Structures are given as C-alpha cells and as structure tokens.
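Below sits a lone chain in structure tokens, taken as the form predicted alone.
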C-alpha cells in the first residue's frame, strides 16, 4: 500500500498584478516530496524558485494570484483560510529565509524571538519556551546557548545567525522545512557545517526538506531529487546524481558547464551561459530557453512542448 506524499504541488501558477498587467512568474509547476525526503529546486535568479516556496507558505503578498493545488498532508493550502494557514506556518511547515540578518528582528533578543514561536503555536509559558529555546539552540550547535538567548542578532556571526534561523524554524517540530538559499554568503567551512546540520535534522527528526538554491554543490551533498526551473517553468526533474552526471535539458547542461571545479584548468575561462533570462512580461517562444540554447532547432520556438519523461525539451541531450 502506497502512502500519499507529504507535499504535492499540482499545476501551480503564480501571477502578480502590476500596472502593466498580470505577470506569471510560476507556470504549471508539479512536484512531490515524501516525509523525510529531500528535494532541491535550482535555477538562475528570477527563475521562480523562491516564488514557488512562498506559494507553499502562503507568503506571496496581496498582488499574487495563485491557481492549481498545493496539498500538504492531503489538505489543499490554496483553499485554506488565512487563519488555517497561519496555524500551519511555524507549527507544521517552516521556512529558513535567505538573509538571516534581515529575517531576524534587530530590536529583540534572540531568546524572545525563539520563545515567541512556542508561545504562539504551542501555548507554552514564557519560562518553558525560554528553556526550550536554549535546548534548540544547543541542538543546532550554537555554543554557549543560554548566553546567546540574551544577545541581539547583530552580536552574532553570519553562521550563528543562520543557525538561529534554523532553530526558530524547527523549535515547534514541523514536518516540512523550506530552506531558501540557507548557505548564501557563508564561507565554505560554515556552509559545510550548515549542510551537515540540515541532514542530521532530516535523519533524526524525519524532517522533509525543500531546498531552494542556485548552488549545485549544495544540491549534490544534501538532496535526493532535483528540479530545474527556467523562466517560471519546470524544465527537468531527476534523481540528483543522475541529473548532475547525465543532464538532459540544455539549460541544466549549461548550468553544470558554468560550475567552478577543482578540475578546471587554471587560466581557462568558465563556459558562461550567454544572454539573459527572458522578460516574463513579453510574449515568449514555446521553449523559453531557445534564444540562449546552443542546440536550438527551428521548431523549438514554435511548437508547443510537453513535460515528458522528466524533461521539457523537444531535442533533449
């Protein structure tokens, strides 16, 4: 007997109302994530990764119009009431945002920000929430956890602030953690520590992790399955190691060619991806990547595409 995935996104579209008309930034995305699983969404800036994550959280803002279905544990979040969404956020679905300095309140001590989650979602007393905050900070390898509770965000290093954000996300025991660029601007040593911590939380707590990133090195170390997005569309989906070793979409192959590596000959320029992502306000060709693709054929721009066998491409590699 098969069980339903913890998270199932079906034909998700996100459009934003602007003075110049609606702009669709996510177009028909489908994904599934099992309990305790790890899934990455990769792509250039502006490809729709974060907008997909915000749609799952219900945080796209008042200008957004969402269609499709986002099923969490069988419940469609897009039709849930605002009160229901607020009850789920933090308690069962949590998110680690890109910039911990901007996400933490600079005027409040770390302990108060952590305790607030338990007071809101679990009805804990201030003393009980404060004690749990110290235990959670200790669990994410924050040194001198009790002393940190009385500090402000600016008193911590970037790596410490990121650990505090992870602690805030997991303190109420969620089932799903969405991590949006959790290692951006961290040095390689701290980055490795954060990735090891996320993997440990997944194993110890059965936490499902949806990772949003543009760093394929991070993906290879943490995620079982990877989705590639381009200009709001899903263009490839495969098990991570298969995707990294045998990409089928030309865009995925181009991202891999542009990735620095220790094997890259000194002095040889990286194979940069030419051109720019399309303006989503404009009419686009059938294959949105065609204008930048070295393998493009005349029919790529005109003939509609279907996502088949894990790739959205008329001439897969």
Partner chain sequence: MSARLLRRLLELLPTLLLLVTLTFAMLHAAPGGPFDSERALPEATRVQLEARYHLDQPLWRQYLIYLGDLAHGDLGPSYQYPDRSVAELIGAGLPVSALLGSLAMSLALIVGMALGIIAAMKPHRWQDRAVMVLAVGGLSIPNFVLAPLLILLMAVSLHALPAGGWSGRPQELLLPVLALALPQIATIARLTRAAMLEVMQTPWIRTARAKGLSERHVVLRHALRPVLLPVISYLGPAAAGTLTGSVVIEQIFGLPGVGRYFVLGALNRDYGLVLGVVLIYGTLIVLFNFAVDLLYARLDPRQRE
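It should be emphasised that the depicted structure is a prediction, and the values quoted were computed from it without experimental measurement. Residue numbers count along the first chain shown, from 1.
One more form of this protein exists, namely the form predicted together with its partner chain; it is left out here, but the text below deals with it.
*If you check in the predicted complex, do 86, 103 and 168 all have a non-hydrogen atom within 4.5 Å of its partner chain?*
Checked in the predicted complex: all three residues contact its partner chain.
*Of these, 108-116, 138-146, 238-246, 201-209, which stretch puts a heavy atom within 4.5 angstroms of its partner chain in the predicted complex?*
Going by heavy atoms within 4.5 Å, the stretch is 108-116.
*asked:* So in the predicted complex, is its partner chain close enough to residue 122 to count as touching (4.5 Å, heavy atoms)?
replied: It does not: once its partner chain is placed as it appears in the predicted complex, residue 122 has no heavy atom within 4.5 Å of it.
*asked:* Quick check on residue 72: any heavy atom within 4.5 Å of its partner chain in the predicted complex?
replied: No.
*Contact of residue 54 with its partner chain in the predicted complex (heavy atom, 4.5 Å)*: Yes, residue 54 is a contact residue.
*Quick one: does residue 159 come within 4.5 Å of its partner chain in the predicted complex, counting heavy atoms only?*
Contact with its partner chain, no.
*Just give me the single entry in 256, 284, 59, 273 that has a non-hydrogen atom within 4.5 angstroms of its partner chain in the predicted complex.*
Answer to the contact question: 59.
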